[in-house]
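One chain follows as C-alpha cells, the form predicted on its own.
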C-alpha cells in the first residue's frame, strides 16, 4: 500500500507552500498531488508555478499528479485546466469537464473524489475513458467500497481519503467572504489568514464544520489510522493524506511506519487537538469516532 499527499486545500503564503513541498520531497510518500482545487482567486502560486513545482518533485523521484478545480466556473478556469493537461503529468479530474479535457489531451487521469463514483459500472465507465486510478467519495463506507470493487470489471488502483479534514461540499458562494461581510469578488483573500480553515460551531459551541472559501469541510480530522488492518483487506491500494498546516510530516511518517509493520502510537492530543473522526468508514455519521472492536 502506497501513501499519497493530496492536493493542498488551503490558501497559504507562497513561501509556506515552497517550504512545505521542499520538505515533502523527503517524506515517505510516493505520489504528490499539486494544484488549486478550491478557488481560482488564490494566486500565491499560479498554474505555471504549480507545473514548475511538479517538475522539481518529479526530479526528486515522486510521482506527480496535477489536480483540477472541483468547481469550474469560468472560461479562465478552463484555460488553466488545459494548461495543466498539456503539462505532461497525469491529471486528477474533479469535474466531468476535466475528464473530457484529459481525454482530448491524451493524458491519463485520476478519477477524483468529487466525481461521485458509487457503483462498479460507473467506475468501469471512467476507466474506459482513461482513468488510471480513482478516489471514492469521501463519505463512502468500507462495506460499500468492498461491494463496488466486487462489481467492477476494471482493475485500476483505489486511493482512499485516509487522513485530513473531509472536503464535504463546494458552493458557488464563498463562505469565508460572507463570514467577513465581504463579496466573493472582493474577498480581500481572507482565506490566507486561516491556514486550516475556519471552525463553525453549533449554537451550543460544539465544533461542527470548517469553512475554507467555497469549500465546506468537517471540523474534526478524519483519520483511518486505526483502520489500517481493515483497509489492507478492503482493496485499498493508496492512502491519501491531506496537507495541514502543522504535523503533516508526523502523520505521514506514522502511517508509513505502521504500513511497514512497526508499532506506532500517534500523538493525537498534540497533532490533532481538535479531535479525529472515522464514522463514514463504518457507515455512521462522519463526525463519530469509533474505537474498539466495533471500529477495527
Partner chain sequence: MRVPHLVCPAGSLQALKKAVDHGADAVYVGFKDPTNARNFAGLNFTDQQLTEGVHYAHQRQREVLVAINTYPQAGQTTHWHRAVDRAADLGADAVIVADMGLLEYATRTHPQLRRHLSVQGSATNADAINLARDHFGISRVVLPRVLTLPQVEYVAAHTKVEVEVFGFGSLCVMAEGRCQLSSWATGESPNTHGVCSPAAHVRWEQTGGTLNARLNGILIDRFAEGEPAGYPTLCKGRFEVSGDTYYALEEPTSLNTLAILPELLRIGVAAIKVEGRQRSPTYTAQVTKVMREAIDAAASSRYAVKPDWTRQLTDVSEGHQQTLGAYHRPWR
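Everything numeric here is computed off the predicted structure, so don't read it as measured data. Numbering follows the first chain given and starts at 1.
As for the form predicted together with the partner chain, it is not shown, yet the points below apply to it.
**Student:** Contact between residue 80 and the partner chain in the model of the complex at 4.5 Å, heavy atoms?
**Tutor:** Result no; residue 80 lies far from the partner chain in the model of the complex.
**Student:** Residue-level contact is defined here as any heavy atom of the residue lying within 4.5 Å of the partner chain in the model of the complex; does residue 131 satisfy this criterion?
**Tutor:** Residue 131: no, not in contact with the partner chain in the model of the complex.
**Student:** Answer for residue 199 alone: is it within 4.5 Å of the partner chain in the model of the complex, judged on heavy atom distances?
**Tutor:** Output for residue 199 is yes: heavy atoms within 4.5 Å of the partner chain.
**Student:** Please check if residue 189 has a heavy atom lying within 4.5 Å of any heavy atom of the partner chain in the model of the complex.
**Tutor:** Output for residue 189 is no: heavy atoms all beyond 4.5 Å of the partner chain.
**Student:** Can all three of 94, 137 and 173 be found with a heavy atom no more than 4.5 Å from the partner chain in the model of the complex?
**Tutor:** Yes, all three are in contact.
**Student:** Would you point out which of 252-260, 238-246, 64-72, 46-54 contains residues with a non-hydrogen atom within 4.5 Å of the partner chain in the model of the complex?
**Tutor:** One stretch meets the cut-off, namely 64-72.
**Student:** Just give me the residues of 268-289, first to last, that have a heavy atom within 4.5 Å of the partner chain in the model of the complex.
**Tutor:** In sequence order, 277, 280, 284, 285, 286, 287, 288 come within 4.5 Å of the partner.
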